[in-house]
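Here you get one chain, nothing else, as structure tokens; it is the form predicted on its own.
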């Protein structure tokens, strides 16, 4: 699989990691304190986040002297996003009317699998970042493996904005890979392995598993037939070998289903990681 340099970097940027539970709670605003405005802290918060000091940024943004504002909601959402507290990040980003909050909220919702909500947000956007809007709409379509939807959104790519060009070309590569990727069905794999043990695993692209299933079930079936002819159908030898053969035969069918399912999930996880990276990283360039 070949992607552009920025697309390939996404493999390292977005390794599968568990989303953190939303445990962060800011202190209530206290108007008796000397007020501090989030707009004045924006540069410092970005500095902390750029250096991976998420905890320090969250401590700063939780102080009771921070005056509530759209900027404060945006910065809190941004820091929570970096800390992988995505549900909390979504709440704060959604509460801000700032333009960068909208685009970061789309990425947050995409991480959470809320593709419909992300698309609704983008559809309502009427600002001057129309190409960024199309980039994110295209990415949402790829997360849904909708190549036709991707092509419609990608019609808005100009490849002329240096902030977006690498990501646009990376998404083009991903779209071509998805379109060319063979559509394998777990049910078809199970049916194949029911007819010929190992055939479903071979269909899934696992030659080693296919040979193992074929040899194991075939050997056990041969032993069962030999015991049947030599000792009879009711012999304990025939019953035991036949039972073991049946277990491995059923396991071979189930294994074929799982092999295809795992193959499909691994492909989706890799492409989704690259898509999420490429709809997110331009925001760091444009709004930081």
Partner chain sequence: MKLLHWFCTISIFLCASFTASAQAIEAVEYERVLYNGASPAQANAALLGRAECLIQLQRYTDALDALDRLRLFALSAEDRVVSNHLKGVSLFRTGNYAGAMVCFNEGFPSGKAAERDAVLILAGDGKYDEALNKAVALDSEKAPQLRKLFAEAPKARNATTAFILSFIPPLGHIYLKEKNWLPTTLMSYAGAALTAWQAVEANYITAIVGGGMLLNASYMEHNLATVQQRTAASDEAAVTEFLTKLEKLLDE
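Each form is matched to the other, and the largest set of C-alpha atoms that superpose within 1.5 Å is called the rigid core. In this text, all values refer to a predicted model and were calculated from it rather than measured experimentally. Positions refer to the first chain, counted from 1.
The same protein also has a form predicted together with the partner chain, omitted here; what follows describes it.
- At the 4.5 Å threshold, heavy atoms of residue 225 stay clear of the partner chain in the model of the complex, well away from it.
- At the 4.5 Å threshold, heavy atoms of residue 59 reach the partner chain in the model of the complex.
- Contact check for residue 243: no non-hydrogen atom falls within 4.5 Å of the partner chain in the model of the complex.
- Contact check for residue 248: a heavy atom falls within 4.5 Å of the partner chain in the model of the complex.
- Put simply, of 50, 55, 70, 261 only one has a heavy atom within 4.5 Å of the partner chain in the model of the complex, and it is 55.
- Along 224 to 249, a non-hydrogen atom within 4.5 Å of the partner chain in the model of the complex is carried by 230, 231, 236, 237, 248, in order along the sequence.
- For residue 219, a C-alpha deviation of 2 angstroms or more is recorded between this form and the one not shown after rigid-core alignment.
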